[in-house]
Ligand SMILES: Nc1ncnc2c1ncn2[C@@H]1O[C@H](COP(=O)(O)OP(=O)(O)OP(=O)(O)O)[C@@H](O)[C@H]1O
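Presented below, as structure tokens, is a lone chain in the form predicted alone.
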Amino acid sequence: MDKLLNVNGLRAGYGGYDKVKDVSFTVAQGEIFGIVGESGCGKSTVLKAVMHLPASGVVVTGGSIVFDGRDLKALSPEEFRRLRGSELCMVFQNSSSSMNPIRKIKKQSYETIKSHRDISKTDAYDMMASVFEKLGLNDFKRIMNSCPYELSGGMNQRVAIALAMVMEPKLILADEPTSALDVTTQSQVVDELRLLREKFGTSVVIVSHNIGVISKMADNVAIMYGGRIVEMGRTDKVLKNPLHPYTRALIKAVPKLNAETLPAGLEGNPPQDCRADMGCAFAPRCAFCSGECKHMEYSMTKAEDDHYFACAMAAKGEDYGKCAVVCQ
């Protein structure tokens, strides 16, 4: 498959310091790519850097972001404005906050479509109806005549996905789209995102804390820690055979239905910003850390095709224990 998005050596952050450093990954046409990690690891910063949202305060300080053959850093503000919404869209964690709570969905939908295309209200309404039908969203008329405050959080999230798809963009960036929802609604949103590929051929980059969500929908996954990717590859390979201690700790922390007690959490706290010095950022929390881990330069090791990791101990073939794989 052709590469739609190519992020290479990305450095980005806020207020003069980098939150992410040396982040590289590609997304193919029609691929769903997941990014997983604790709060503060830089997941959302990566999406905001790709989307180039000035209001977010994210500043790209290095690396390249190429989307559909275009260098996004080289685009003018006007060129980027035309790109957003038409070819590149973002779905936020709480989508209702990005909409006017007291204006009908119908009117807000028309304004969104009108900003990219010279179209009548009737035709815009028909476009939204077509998207709703393809995504299996029922009760179209009631939803379009409702205000966001009259809809549930899950329905607002699903409407936001439909609205993002109305212009049939090539790529959607989804920032924690299921974190504020109950389990049943999470499943509906996940199914809706997967339908985007089946119905429209859309690529998706999804950020989530929930390994279960990622295991269900992502083709490939990147595990982030301390502003860097520490493991990346095919989702099934990474979750069934995790090589980085942090990946193993994340999987091990997922509760089991038949467990008598909850799993112990990972001791310590993640770094608040990207470490400027050399060495593994996870070393202070890693039970298998050796002296060299604190001084080795960051690099990714290839385990096999499409599976990479950044751990000196694993690269040496050290056996530092097996974790219970619960997401299959």
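Heads up: residue numbers just count along the shown sequence, starting at 1. Small disclaimer: the values here were computed from a predicted structure and weren't measured.
Not on display, but discussed next: the form predicted together with this ligand.
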| query | Is there a heavy atom of S39 lying 4.5 Å or less from a heavy atom of this ligand in the predicted bound form? | reply | yes
| query | Does at least one non-hydrogen atom of K48 fall within 4.5 angstroms of this ligand in the predicted bound form? | reply | yes
| request: Please check if S56 has a heavy atom lying within 4.5 Å of any heavy atom of this ligand in the predicted bound form. | output: yes
| message | Would you classify H116 as touching this ligand in the predicted bound form, given a 4.5 Å non-hydrogen atom cut-off? | response | no
| request: Tell me whether S24, T235 and D306, taken together, all sit within 4.5 Å of this ligand in the predicted bound form, counting heavy atoms only. | output: no
| remark: Partner-free chain; cross-checking this ligand in the predicted bound form, the single residue of K240, R194, H209, R81 with a heavy atom within 4.5 Å is H209
| In terms of non-hydrogen atoms within 4.5 angstroms, which of the given stretches 48-56, 290-298, 62-70, 24-32 touches this ligand in the predicted bound form? | 48-56
